[in-house]
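Next up is one chain by itself, shown in structure tokens, the form predicted on its own.
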């Protein structure tokens, strides 16, 4: 991966929540990089730290949460040191996010058109008429029929899939360099999921946008992403190309996730499940956080493993796979 291709580099990112019960280490030392035009799937169980990682990149962490360490290098600048006023201009312009629920992403008291126009006027300084024409173009681009008429409609007059298309249109309005999509299809049925993800992939490909797709669905990232990063208990435990991670998973947790995917040719096979539950992020076990659930844990697992190469374009944090 050449330095010129890298648009985002995360180094030692730590985001903690300071509660009365203790410090929740939601993101605890995450490192990865992303190339221009690359679609990376960030996967793991609920509570693994996926969404907090995405929010941390855009600096959308509220109290009692705080980014306590690390760097978020975007286009050569550390976003964690950028003044808040400049961050507000970067969000929605060079950086964009699609949130999980389109119902809450759009303001119910304003028309869809006014919400798109507001973004265009703020970031591109267009006149209202110019922004209106551009808004109609964006709705057509995401497959909404009668775009000019639908600009005057309110969010409740759209289906869930159409609302998510509107959210995607707003996110892509400025041709962002980086798009973070946080569970963008969770509230949609399977058919609409595929349509929205295909649309998003086409848009990012057309504009050279890098995308992080946050999801718990391993089959989904295997279909739509170029690379996969697996999170567990706030840590990155495997990262590599889609082919390497899906076909040759090196971490026991990744192996368990893949074994739990239903297969067309294995209708009689009972699906495997990973025993136990993710540990309490306030009181993590020493060493590898997956150790209490790992079928191959050993004595050296009481020390925290680092993410190390296990092959070309493939890394894993497991003492069983990458002994020094």
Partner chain sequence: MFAFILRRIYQSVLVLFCVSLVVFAILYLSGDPIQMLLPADASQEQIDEMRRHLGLDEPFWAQYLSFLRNALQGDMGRSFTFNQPAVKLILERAPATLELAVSAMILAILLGIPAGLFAAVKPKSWLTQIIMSGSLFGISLPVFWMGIMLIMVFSVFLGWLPSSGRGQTASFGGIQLGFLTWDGCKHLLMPAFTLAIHQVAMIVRLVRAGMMEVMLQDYIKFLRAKGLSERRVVLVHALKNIMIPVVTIIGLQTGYTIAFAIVTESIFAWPGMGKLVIDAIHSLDRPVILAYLLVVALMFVFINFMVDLTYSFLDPRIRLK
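Residue numbers count along the first chain shown, from 1. Owing to the predicted nature of the structure, the values given are computational and were not obtained by experimental measurement.
Not on display, but discussed next: the form predicted in complex with its partner chain.
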Name the stretch: of 67 to 75, 207 to 215, 101 to 109, 227 to 235, exactly one has residues whose heavy atoms fall within 4.5 Å of its partner chain in the predicted bound form. 101 to 109
Note which of 202, 149, 247, 156 lies within 4.5 Å of its partner chain in the predicted bound form, where distance is taken over heavy atoms; exactly one does. 156
For a quick test of understanding: in the predicted bound form, does each of 300, 304 and 320 have a heavy atom within 4.5 Å of its partner chain? no
With a 4.5 Å heavy atom cut-off, would you call residue 55 a contact of its partner chain in the predicted bound form? yes
Using heavy atoms and a 4.5 Å limit, would one call residue 252 a contact residue for its partner chain in the predicted bound form? no
Residue 167 within 4.5 Å of its partner chain in the predicted bound form, heavy atoms: yes
Using heavy atoms and a 4.5 Å limit, would one call residue 283 a contact residue for its partner chain in the predicted bound form? no
What residues of 53 to 67, in sequence order, lie within 4.5 Å of its partner chain in the predicted bound form by heavy atom? 55, 58, 60, 62, 63
